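Only one chain comes next, encoded as structure tokens, the form predicted alone.
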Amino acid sequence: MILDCAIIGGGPAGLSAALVLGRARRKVILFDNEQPRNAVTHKSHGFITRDGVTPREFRDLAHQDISKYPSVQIKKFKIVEVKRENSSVFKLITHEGKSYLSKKIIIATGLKESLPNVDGIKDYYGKSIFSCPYCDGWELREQPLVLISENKNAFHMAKLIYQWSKDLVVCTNGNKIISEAEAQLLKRKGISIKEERILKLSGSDGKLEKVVFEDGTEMNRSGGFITTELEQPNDLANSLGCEVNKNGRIIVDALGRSSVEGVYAAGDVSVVGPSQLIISAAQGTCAAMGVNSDLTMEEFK
């Protein structure tokens, strides 16, 4: 059997694409290796009618919706290779060596993130330290917060966080990443900057209490944010020849089409929009519409 579309990635983008294509009566398999980037998050916010939903609950509800459409399957396989079988068909190979054929591909694998190099930071990430103020700023509003950043996004992120809390300290963990002009602007707003290296974070049960520095000083904080480094989680886009931007994200049009005919992308893996659950889901819908429209046009050639 040749699939109409193979969707690689079972996050909000892939799930949304599967739902739309199922409703369009397309033969689809969604491949999900069940390693979502938001697995550490206790609750997801900003998705209308689903504000506060847990990632697991969101996936379970999505699977229930998709199960109504018999032309869609969900398989818990990791795709390790995609290549052209011929001009109109792709071959997908799983980590177990099984192969599938599909006319179209949607890459919705999300991104892989690297956290700042701070001892114990993983114990707090997703519990009292987060990466997106739009997702978690409300829960931390008016609290004493820390922004831990080792890259140039620190200045922009600090300005965003200020909307939720004016009690903010920016920690660069020994890095000189904020210019003098930027530092002066932040200080005028009452935002402190500490460039000393962080020794460790202190707290219990994922709840941050203190930031401890190598110079022996300590700072009481009840939560905060970090800037992360993001990259493609695999080499699928490069192996297919998809054009990417300087940050490594796949360049797509409004309907998710990449620079390679038959290959589409949606969600964080693509260049469109910031990392938000609702935005990723919307991009999945757009990519599915692109796939269905292109398949339809090809049938009428």
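When you see a residue number, it is the position in the sequence shown, counting from 1. What you see is a predicted model; the values in this text were computed from it and never measured.
Although not depicted, the form predicted together with a small molecule is the subject of the following passage.
*Asks:* I need the one stretch from 110 to 118, 207 to 215, 157 to 165, 143 to 151 whose residues put non-hydrogen atoms within 4.5 angstroms of the small molecule in the predicted bound form.
*Replies:* Partner-contacting stretch among the options: 110 to 118.
*Asks:* By the heavy atom within 4.5 Å rule, which residue out of A62, L236, I29, V263 makes contact with the small molecule in the predicted bound form?
*Replies:* Partner contact (heavy atom, 4.5 Å) among the options: L236.
*Asks:* Given that the small molecule is not shown alongside this chain, does R257 nevertheless sit within 4.5 Å of it in the predicted bound form, heavy atom to heavy atom?
*Replies:* It does not: once the small molecule is placed as it appears in the predicted bound form, R257 has no heavy atom within 4.5 Å of it.
*Asks:* Does the small molecule get within 4.5 angstroms of any non-hydrogen atom of E182 in the predicted bound form?
*Replies:* E182: no contact with the small molecule in the predicted bound form.
*Asks:* May I ask you to check whether A287 falls inside a 4.5 Å heavy atom distance of the small molecule in the predicted bound form?
*Replies:* It does not: once the small molecule is placed as it appears in the predicted bound form, A287 has no heavy atom within 4.5 Å of it.
*Asks:* Quick check on L277: any heavy atom within 4.5 Å of the small molecule in the predicted bound form?
*Replies:* Answer yes; at least one heavy atom of L277 falls within 4.5 Å of the small molecule in the predicted bound form.
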